[in-house]
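Here's a solo chain for you in structure tokens, the form predicted alone.
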Amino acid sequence: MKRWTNQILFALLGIAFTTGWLAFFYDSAPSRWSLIVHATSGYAIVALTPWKSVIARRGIRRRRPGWWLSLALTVSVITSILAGIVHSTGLLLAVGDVSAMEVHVGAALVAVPLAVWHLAARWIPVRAVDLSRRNLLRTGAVMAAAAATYASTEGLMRLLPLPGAQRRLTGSYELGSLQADALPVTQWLFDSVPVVDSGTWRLELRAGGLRRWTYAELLAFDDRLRATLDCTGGFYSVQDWSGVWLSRLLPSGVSGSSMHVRSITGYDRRFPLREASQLLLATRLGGVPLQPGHGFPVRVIAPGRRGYWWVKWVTAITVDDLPAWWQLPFPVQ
């Protein structure tokens, strides 16, 4: 039983982590299906807690080398799961400036190196007996119970109703839609809001040549778009943006594979060139110039992509022959 419990727990941790990050990639149905698997694996981990607690107590009493790291792993996993549950139900979305989603993701990131260490230090080689009919039935029973718990929770949220019943397919909650002043100011990881002088600022566009656009020149465009900003921090907001379609700034017949968009802060993302007509370089939000926290003087609006693609404080765009996937899945800055 001990072998099976440990092996299934490690497998579930891997599934939960992978599907959680996959959900951040999409603003559509794949995100929803990924989150269903993510939540089910989380409930399965909870279901195995009674068996794992017995194993953990024995290990702590024996004070095996690194026992405190195993304890830290347990605490981080429990913290992540609890934060995920309170976020998904809507019972507690934030404490001060810290959201439940941030705690959920942060605790999961802390758990990763601890899980890797635990797997290496407590390595359990797979044997034929591990794939026995009994173990497969146990695994199936746990997953079925976890899936039933997830379905029941979703049904209960709609019956009561709880705030979680209103969350988007990505798991995000609506916040400040069509109210520019209510849109939260967020940055990715260690990015910070820069001070930009619109008089000296230039957008450098390299596409078969170099063209520098001034803020006044871009402000003269009035292309409009209503789009949903779905932040990985756990909220979404529908807003009216205006600016210029990126395709209008590109020279006719420009060739290349992708567009590298860079922020003043060094933050960057790469988009396929074919999406130029779908990307808006926004200079205004709700009809007024962007505030510094929202990307002044110019930010990218990328419909259908999660918020970390919406590059703020854009200073340079380069069209080149590198493929759009030639970048880290998530920015590291």
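Remember, it's a predicted structure, so these values are computed and weren't measured experimentally. Throughout, we count residues from 1 along the sequence that is shown.
Another form, the form predicted in complex with a small molecule, is not on view; read the next lines as being about it.
**Student:** Report yes if all three of L229, G293 and Y308 come within 4.5 Å of the small molecule in the model of the complex by some heavy atom, otherwise no.
**Tutor:** So, yes: the whole triplet contacts the small molecule.
**Student:** Using a 4.5 Å heavy atom cut-off, which residue among S258, T186, N135, S242 comes into contact with the small molecule in the model of the complex?
**Tutor:** Looking at S258, T186, N135, S242 one by one, just T186 meets the 4.5 Å heavy-atom criterion.
**Student:** Specify the contacting stretch among 229-237, 207-215, 248-256, 127-135, defined as having any heavy atom within 4.5 Å of the small molecule in the model of the complex.
**Tutor:** Checking each option against the 4.5 Å cut-off leaves 229-237.
**Student:** Does any part of Q278 reach within 4.5 Å of the small molecule in the model of the complex? Heavy atoms only, please.
**Tutor:** Answer no; every heavy atom of Q278 is more than 4.5 Å from the small molecule in the model of the complex.
**Student:** Hey, in the model of the complex, does S263 get a heavy atom within 4.5 angstroms of the small molecule?
**Tutor:** Close contact exists here: in the model of the complex, S263 approaches the small molecule to within 4.5 Å, heavy atoms only.
**Student:** May I ask you to check whether W51 falls inside a 4.5 Å heavy atom distance of the small molecule in the model of the complex?
**Tutor:** Taking the distances in the model of the complex, the answer for W51 is no, it never comes within 4.5 Å of the small molecule.
**Student:** Does the 4.5 Å heavy atom contact test between Y267 and the small molecule in the model of the complex come out positive?
**Tutor:** Close contact exists here: in the model of the complex, Y267 approaches the small molecule to within 4.5 Å, heavy atoms only.
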